[in-house]
Ligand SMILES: Cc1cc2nc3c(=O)[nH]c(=O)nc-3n(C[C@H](O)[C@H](O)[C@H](O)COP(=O)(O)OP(=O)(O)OC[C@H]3O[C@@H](n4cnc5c(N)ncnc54)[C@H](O)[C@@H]3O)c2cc1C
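Take a look at this single chain in structure tokens; it is the form predicted alone.
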Amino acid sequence: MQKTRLIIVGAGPIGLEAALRGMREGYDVTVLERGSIGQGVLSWGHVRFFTPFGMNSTQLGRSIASAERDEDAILSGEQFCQQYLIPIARSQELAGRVLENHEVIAVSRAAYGKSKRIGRPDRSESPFRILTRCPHEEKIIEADLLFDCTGFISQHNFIGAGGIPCPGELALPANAYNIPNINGDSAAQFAGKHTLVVGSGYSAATSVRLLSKLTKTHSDTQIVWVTRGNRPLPIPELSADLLPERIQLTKAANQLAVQPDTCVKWLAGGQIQNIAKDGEQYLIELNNVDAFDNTASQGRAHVLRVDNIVANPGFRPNTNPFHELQIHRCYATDGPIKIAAHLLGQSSSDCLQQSAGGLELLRNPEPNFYIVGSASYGRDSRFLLQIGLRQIDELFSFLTAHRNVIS
């Protein structure tokens, strides 16, 4: 009997774990990755996880990767990729099944358009038709079962007011949305320079903390940190936080922002209106912030002159390849509506307090299509890798019990 063809989009932490599990369950597995293995993780490879290795891996994955790391170890993104993800992808278990530089452009049913057989299980009679762009060609791949595991940083948000690009933002280089690596080749770009950091989450806090370390060798390094809203601190400090790495980051970033005589000037409530290039520098127009005493001033504009921009406004899933499938997405988060509603009912801002929620939340109107991992959270930033690993367990438990429905 022909095996069920499982296509997984994304060779990141969740996609590779799902591939391993799929192989163990007897599926014909192929992983399509638009870049290289773990590319998203490597984009912040110089940054350490908040969470220990044991929370970000599985017993199956560790056995395949021969990972001898202590499960309590805090790894950098690069260590995690080199010691865990790449060995899994290169393992005998997945030999020839992880296709790098295979970008998924569009997905449909082979025989049915988006508006055909609406919400009917018999849509699954027609296989998925996947248009894939490879280095030298475009080709169609078919699948019986499809997972969207496109990962942490599919598509960045924008720093312009209201969440759309402000004039001049689209001209920023792609790496402006990354956390800067002050130990790499880019260190000279920031040392002794004036940098604007925009963002209200842990990525922005990490950028601020890293850039501040440059003052040890370049005392004239300056940072302006712009956050939305008017909170008493840039990053809320969670009570009884169980993650020491997150505690250290939060306290360090907040102290840099609010204590006098640091290299950081914190501007709360700022809205980026315009970005203009002036020679090698940027002119940034902000509204709703007083650049001198950090108090809100509705309607007042201020212009900053900086050497660099670090934009850390967060990420959202790239939903474009899946537009022709019947997916009910949340109008606020772009995530699947069931998971979005589940997250709305969980009031805690601590990602450790989130639960996977069960298989029913993963099901879509499109039969045999599942969004797994951070893409399932849409723009909600509370996702943890351990949530995605639980989703995989729940999903394969269901698929095993309903194998005859899929094949």
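Worth saying up front: this structure is predicted, and the values here are computed from it rather than measured. Numbers follow the displayed sequence, beginning with 1.
Beyond what is shown, the protein has a form predicted together with the named molecule; the following relates to that form.
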Check your understanding: Does the named molecule come within 4.5 Å of a heavy atom in each of Val41, His102 and Pro321 in the predicted bound form?
Key -> yes
Review point. Since exactly one of Thr51, Thr30, Asn364, Thr58 fits, which has a heavy atom within 4.5 Å of the named molecule in the predicted bound form?
Key: Thr51
Point to revise | the named molecule contact at Phe158 in the predicted bound form, heavy atom, 4.5 Å | key: no
Check your understanding: If you check in the predicted bound form, is Gly151 within 4.5 Å of the named molecule, heavy atoms only?
Key -> yes
Point to revise | Partner contact for Gly373 in the predicted bound form: the named molecule, 4.5 angstroms, heavy atom | key: yes
Exercise for review: State yes or no: in the predicted bound form, is some non-hydrogen atom of Phe315 no more than 4.5 angstroms from a non-hydrogen atom of the named molecule?
Suggested key: yes
Check your understanding: Residues in which of 42-50, 22-30, 58-66, 334-342 have heavy atoms within 4.5 Å of the named molecule in the predicted bound form?
Key -> 42-50
Exercise for review: Scan 251-277 and note down the residues that get a heavy atom within 4.5 Å of the named molecule in the predicted bound form; none is a fine answer too.
Suggested key: none
